[in-house]
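Given next, in structure tokens, is a single chain: the form predicted on its own.
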């Protein structure tokens, strides 16, 4: 995470006032991929890559937002903020302000400085970290306390309705509600959740493949439509199936012959992934790490073969990790078609694991990956 003291100095030098500092983390999803929009289960952890937000009041009626990562500043009248996205980085904080305004809150004049180290395009949820950091800072300035689940929903709406990205709730939820040294099992139907401890002798090693294939946008849309097609067919036999969350493997065995082959595969991934995700949380609660590792491997195979949202580089990264000392489990994390793998590794082996995986992947692909050793971190909070 970037240094909060450095952001404080940066903000003071720019706006000549001492700000309050807030932090919102990125996330890695341990298991539970493409289950959120089927009202299923996901199990992410907040990580120690984060967006920092410094905020202070202004007396000129302006909202001024500065992004240190881009070296750019934007200014708007607090009482006439943009209502449409511009396709720039400022859409994410502005979307949060627009959503809060739509809820009836009066947006105050402010200076807001943002600075983060969540890698862009890596699948570690840089956009949600910006949104949650903005929301936490702005509501803090306003003297409001909004519960984490509600704050997450507001930030999801900002991305859905203002930015125009059709994301689920997971990224914003874990950024707002994460807990240090814990994963979080989230029920995407009712936003109930429970924490599951990650043992102190485990590290989260995130390996960026450095690729993101162009099929990602259309691939997501197509696969979601295929999953919904399978759900609709199953519902003709069992009307209580509103989402694939409500379906079982037995349903696929009974009526899968009516479902087009690709849609059947997408449904099989989502249905079995829900089962695996709940089982993985129970394994963490029981400190049964071999079971966690097995479920992660099964999840990656399903993601790659049934959901077909992996890619050659990600499969290679997972395969190369399998016999390295200390590995508990490895899988592709995030939206797919590239991005990062998550490796749960015994902490005593984490450094050598990361170095060996980097060397193997570079030799196999010619690509130099970025590999980070992380731990599960707290959700959004103020920094003294």
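Values in this document were obtained by computation on a predicted structure and should not be read as measured data. Numbering follows the first chain given and starts at 1.
The form predicted together with alpha-D-galactopyranose (GLA) exists for this protein as well; it is not shown, and the discussion that follows is about that form.
K.L.:
Counting non-hydrogen atoms within 4.5 angstroms of alpha-D-galactopyranose (GLA) in the predicted complex, say which of 167, 289, 279, 202 makes the cut.
P.N.:
So the residue touching alpha-D-galactopyranose (GLA) in the predicted complex, by this definition, is 167.
K.L.:
Give me the residue from 40, 334, 329, 44 that has a heavy atom within 4.5 Å of alpha-D-galactopyranose (GLA) in the predicted complex.
P.N.:
The residue from 40, 334, 329, 44 that makes the contact is 334.
K.L.:
Work out which of the listed stretches, 313-321, 54-62, 24-32, 353-361, brings a heavy atom within 4.5 angstroms of alpha-D-galactopyranose (GLA) in the predicted complex.
P.N.:
Contact criterion met by 24-32 only.
K.L.:
Consider residue 162 of the chain shown here, and say whether it contacts alpha-D-galactopyranose (GLA) in the predicted complex, taking contact as heavy atoms within 4.5 Å.
P.N.:
So residue 162 does not count as contacting alpha-D-galactopyranose (GLA).
K.L.:
Is residue 255 close enough to touch alpha-D-galactopyranose (GLA) in the predicted complex, meaning at least one heavy atom pair within 4.5 Å?
P.N.:
Result no; residue 255 lies far from alpha-D-galactopyranose (GLA) in the predicted complex.
K.L.:
Within a 4.5 Å heavy atom cut-off, is residue 48 in contact with alpha-D-galactopyranose (GLA) in the predicted complex?
P.N.:
No, residue 48 is distant from the partner.
K.L.:
Would you please decide whether residue 36 lies within 4.5 angstroms of alpha-D-galactopyranose (GLA) in the predicted complex, comparing each non-hydrogen atom pair?
P.N.:
Looking in the predicted complex, residue contacts with alpha-D-galactopyranose (GLA) include residue 36, since a heavy atom lies within 4.5 Å.
K.L.:
Judged by heavy atom distances of 4.5 Å or less, which residues of 171-188 approach alpha-D-galactopyranose (GLA) in the predicted complex?
P.N.:
Result: 171 alone.
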